[in-house]
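One chain is shown next in structure tokens, namely the form predicted on its own.
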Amino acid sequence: MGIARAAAFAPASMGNYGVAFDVIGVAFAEPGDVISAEWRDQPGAIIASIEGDGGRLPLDPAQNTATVAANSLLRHLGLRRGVSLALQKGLPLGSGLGSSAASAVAAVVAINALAGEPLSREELLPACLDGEALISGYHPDNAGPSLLGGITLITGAHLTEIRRMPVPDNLRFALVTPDLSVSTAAARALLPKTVPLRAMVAQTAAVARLVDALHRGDLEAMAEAMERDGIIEPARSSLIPLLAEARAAAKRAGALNLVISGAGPTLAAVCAGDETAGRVAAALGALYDGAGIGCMARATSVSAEGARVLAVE
């Protein structure tokens, strides 16, 4: 009879790991998107339904990252049948958590399972990037971690340019997402076109310190290096309400640092252990609630496996 339906989960990700803009990404254990895929007789991928997006995402296959990625994979596999996708958005849009990448990754992993797993997880990356390119450009800082899991060093779009980094023991995150949307294009438009030599050297040194700390498993040194962003965060800080207050509140509650996740507005605080992460998440949620700004706050960890198949029927 063959497989008629498959479902997959793809986790949230932080594409800019603090100071490591467009260079290091991480996959979070939660939240994430879920996509169910079913065969259909007509060629191509379509969106049958979307839940959790408030009606904001397009159903047009040419305008949705899930179907663009799905069609790329179908072409690569040479399949004449098409697929119908049902998308459950667990990620807010424009949140800095790799929402568009998660949809693309979940679609591709589900279809690969539907087809009997003809490709390895790594071989699925190009199709994921084809989908992600619709929104954020052909760069794997979100799609790579979401697909492959862990902390990834990203020096290009090819698999040979993506390397898994060690994950420090006891690394946890507290995330808070204020109720506003920040587009990647708008956030990138604020970035400086040129950077002074002194600033470039300081930024490069901080990234080097970050990579060194990851390989030594030094959580405190990693967190300290992440927060040494003198170029990207200052340019984007105006997009994030209560950024300074959030950093202070997170550290009072025990966080080691606080950085902007991706383009924002999500903020991510590095914490040592589950108890601290829970306490910091509560403090960040209370800060925004007290200011009359709705938010979603949670504690989470690193997803070691990245995207995963949930069901095959």
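Note that residue numbering follows the sequence shown and begins at 1. What you see is a predicted model; the values in this text were computed from it and never measured.
Not pictured, yet referred to below: the form predicted together with another copy of the chain.
Enquirer: Kindly indicate whether Arg40, Ala62 and Arg80 are, all three, within 4.5 angstroms of another copy of the chain in the predicted bound form, using heavy atoms.
Expert: Looking in the predicted bound form, the three residues Arg40, Ala62 and Arg80 all stay beyond 4.5 Å of another copy of the chain (heavy atoms).
Enquirer: Quick one: which of 237 to 245, 171 to 179, 193 to 201, 67 to 75 gets within 4.5 Å of another copy of the chain in the predicted bound form, going by heavy atoms?
Expert: This holds for exactly one stretch, 193 to 201.
Enquirer: State yes or no: in the predicted bound form, is some non-hydrogen atom of Ile293 no more than 4.5 angstroms from a non-hydrogen atom of another copy of the chain?
Expert: Because no heavy atom of Ile293 falls inside 4.5 Å of another copy of the chain in the predicted bound form, the answer is no.
Enquirer: Since only the chain is shown here, I'm wondering whether Glu117 would be in contact with another copy of the chain in the predicted bound form (any heavy atom pair within 4.5 Å).
Expert: Contact with another copy of the chain, no.
Enquirer: At the 4.5 Å heavy atom threshold, is Glu220 in contact with another copy of the chain in the predicted bound form?
Expert: Judged by the heavy-atom cut-off of 4.5 Å, Glu220 is well away from another copy of the chain in the predicted bound form.
Enquirer: Should Ala186 be classed as touching another copy of the chain in the predicted bound form when contacts are defined as heavy atoms within 4.5 Å?
Expert: Output for Ala186 is no: heavy atoms all beyond 4.5 Å of another copy of the chain.
Enquirer: Please tell me which of Leu85, Met226, Ile232, Leu124 lies within 4.5 Å of another copy of the chain in the predicted bound form, judged by heavy atoms.
Expert: The residue in contact is Ile232.
Enquirer: What residues of 209 to 248, in sequence order, lie within 4.5 Å of another copy of the chain in the predicted bound form by heavy atom?
Expert: The stretch touches the partner through Arg209, Val211, Asp212, His215, Arg216, Arg228, Ile231, Ile232.
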